[in-house]
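Okay, here we've got a single chain as structure tokens, the form predicted on its own, with questions on binding and movement later.
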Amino acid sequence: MQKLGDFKLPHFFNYPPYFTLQPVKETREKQIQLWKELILDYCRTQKIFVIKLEEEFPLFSNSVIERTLSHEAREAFLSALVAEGRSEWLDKGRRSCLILWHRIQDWADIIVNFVKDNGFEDSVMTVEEIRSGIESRGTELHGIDRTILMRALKLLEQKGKLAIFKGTSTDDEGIKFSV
């Protein structure tokens, strides 16, 4: 089985037709499903939050079989993730895509569990402590994309589980938990 770093690639990755958008509807649907799963799994394991269509992305080419996905195929696979709520276009030109390998609600649940597991129920933390602090090391929250984190925190704020307060800069925005 072929690997990309420490990531094991699925068998279809070495099958040349999967690097070309398939014309038959049923085949294309299967192809899109396989690529969606591959993109989400790869991004989760490699902690990738943004894919830019114009830039090199490891999954979009396979030197072993000398195949590269077309721009149209890349956009089709990412658009399928957008349709499922698993990604969002970051610009109107569809050049950059935010990958939600966890949905925002799932990220919110991860935050609540992190708070409870570490005894932070009535504590105050900065956004940066959650993203890159000692407490978050070894968790899925460590290195989380700021946009995703803020959306999950705002969802929790709407549910009354925390309060977000502004600091003098974005680096010192605070969170008061009440879970």
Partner chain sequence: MSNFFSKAEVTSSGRPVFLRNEVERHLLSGVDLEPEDYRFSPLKSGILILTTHRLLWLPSSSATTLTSASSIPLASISHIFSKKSLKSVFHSPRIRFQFLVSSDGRVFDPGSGSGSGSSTGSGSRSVVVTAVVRGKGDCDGFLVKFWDSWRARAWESNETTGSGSGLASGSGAGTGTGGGLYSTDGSVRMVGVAGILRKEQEIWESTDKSLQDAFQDLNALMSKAKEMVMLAEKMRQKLLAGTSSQTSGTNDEEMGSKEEMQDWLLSVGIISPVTKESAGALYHQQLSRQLADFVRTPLERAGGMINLIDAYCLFNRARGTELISPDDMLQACSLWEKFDVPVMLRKFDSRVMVIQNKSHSDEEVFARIKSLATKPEALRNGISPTDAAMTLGIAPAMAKEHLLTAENKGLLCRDISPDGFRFYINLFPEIDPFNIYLRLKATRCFAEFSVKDYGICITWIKAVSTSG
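Numbering follows the first chain given and starts at 1. For clarity, every value in this text was computed on a predicted model and none was experimentally measured.
The same protein also has a form predicted in complex with the partner chain, omitted here; what follows describes it.
Segments offered: 132-140, 108-116, 23-31, 48-56. Contacting the partner chain in the model of the complex at heavy atom distances within 4.5 Å is 23-31. Arg67 is the sole member of Arg44, Lys154, Arg67, Arg146 with a non-hydrogen atom lying within 4.5 angstroms of the partner chain in the model of the complex.
When the partner chain is considered in the model of the complex, Lys8 lines it closely, a heavy atom lying within 4.5 Å. In the model of the complex, the partner chain sits within 4.5 Å of a heavy atom of Pro16.
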